[in-house]
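Below sits a lone chain in structure tokens, taken as the form predicted alone.
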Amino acid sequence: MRLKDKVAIITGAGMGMGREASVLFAEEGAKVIGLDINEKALNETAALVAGAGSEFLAVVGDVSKEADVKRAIEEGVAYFGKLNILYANAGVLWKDRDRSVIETTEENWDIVQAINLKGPFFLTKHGIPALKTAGGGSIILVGSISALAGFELAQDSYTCAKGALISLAKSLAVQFGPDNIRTNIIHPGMIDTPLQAPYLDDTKKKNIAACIPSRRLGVPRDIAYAALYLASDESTFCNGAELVVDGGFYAM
């Protein structure tokens, strides 16, 4: 019960890392507000959280729309009475549309930025006042090893958005640390999620695993456990930090 009596909002809670974090947080005692654009997937997560013995408020919305994010926070606070954790998990990785700067259209660049960067901006803009009211809390952003190293297969809008989140994490850490609000960012490596599934067959998975010191791809719970630490009171002196969870890939 590491999150007993805490309330978390998790964006992109419908599947992958967001679903896994929702269930794990519930298992550890948290009540969860889940925001996702996919209503069916969100309801499936709600059932899993109920099975874990906790409460889940499903809010259908688009993180790239400020009104949707604001509504999710307001509904969550009204329902649960407070908010302690902001987990900006939602993101898109479109390797077929988001490529090198010389190949990506302006429209696709803007969509990727809106979801991956404006989404966390809206979540923190409207969520931080609620954390202040609660006496403090934890903000968890999701970056990527793509923000730390260049890759031949470029996804430049995604990379830029994730790099910007590093700067946002440090700025928020300094601004709101005195309010007992800590902000940290997780950099996942190659994680086997529905987001990656269109680009990974078994052969590609084996080839990628061979390049990772831990010799495997990550799974959503690997990232959920990192988020659990940052959400819990065990990390109260962790502020402005970058946590790389990639099986050792970035260490090479």
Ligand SMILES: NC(=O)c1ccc[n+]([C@@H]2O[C@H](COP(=O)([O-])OP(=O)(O)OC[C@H]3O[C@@H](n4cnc5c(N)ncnc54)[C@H](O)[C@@H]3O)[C@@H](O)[C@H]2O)c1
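All of these numbers come straight from a predicted model, not from anything done at the bench. So that there is no doubt, residue numbering starts at 1 and follows the sequence shown.
If you look for the form predicted together with the named molecule, you will not find it shown, but the lines that follow are about it.
A.B. asks: Looking in the predicted complex, any heavy atom of I191 within 4.5 Å of the named molecule?
C.D. replies: Yes, I191 is a contact residue.
A.B. asks: Would you check, heavy atoms only and a 4.5 Å threshold, whether I212 touches the named molecule in the predicted complex?
C.D. replies: Flag for I212 set to no.
A.B. asks: Taking the named molecule as it sits in the predicted complex, is R182 near enough to touch it, meaning that at least one heavy atom pair lies within 4.5 angstroms?
C.D. replies: Although the named molecule is absent here, R182 would stay clear of it in the predicted complex, with no heavy atoms inside 4.5 Å.
A.B. asks: Residue-level contact is defined here as any heavy atom of the residue lying within 4.5 Å of the named molecule in the predicted complex; does G143 satisfy this criterion?
C.D. replies: Contact with the named molecule, yes.
A.B. asks: Can you work out whether the named molecule is within 4.5 angstroms of a heavy atom in all three of L123, F176 and E242 in the predicted complex?
C.D. replies: Zero of three within 4.5 Å in the predicted complex.
A.B. asks: Which pick from I208, A52, L57, I37 sits with a heavy atom within 4.5 Å of the named molecule in the predicted complex?
C.D. replies: So the residue touching the named molecule in the predicted complex, by this definition, is I37.
A.B. asks: Pick from I115, C160, L148, V77: which has a non-hydrogen atom within 4.5 Å of the named molecule in the predicted complex?
C.D. replies: In short, I115.
A.B. asks: Specify the contacting stretch among 98-106, 149-157, 82-90, 130-138, defined as having any heavy atom within 4.5 Å of the named molecule in the predicted complex.
C.D. replies: This holds for exactly one stretch, 82-90.
A.B. asks: Go through 118-139 residue by residue and record those having a heavy atom within 4.5 Å of the named molecule in the predicted complex; state none if no residue qualifies.
C.D. replies: Counting only heavy atoms within 4.5 Å of the named molecule in the predicted complex, no residue of 118-139 makes contact.
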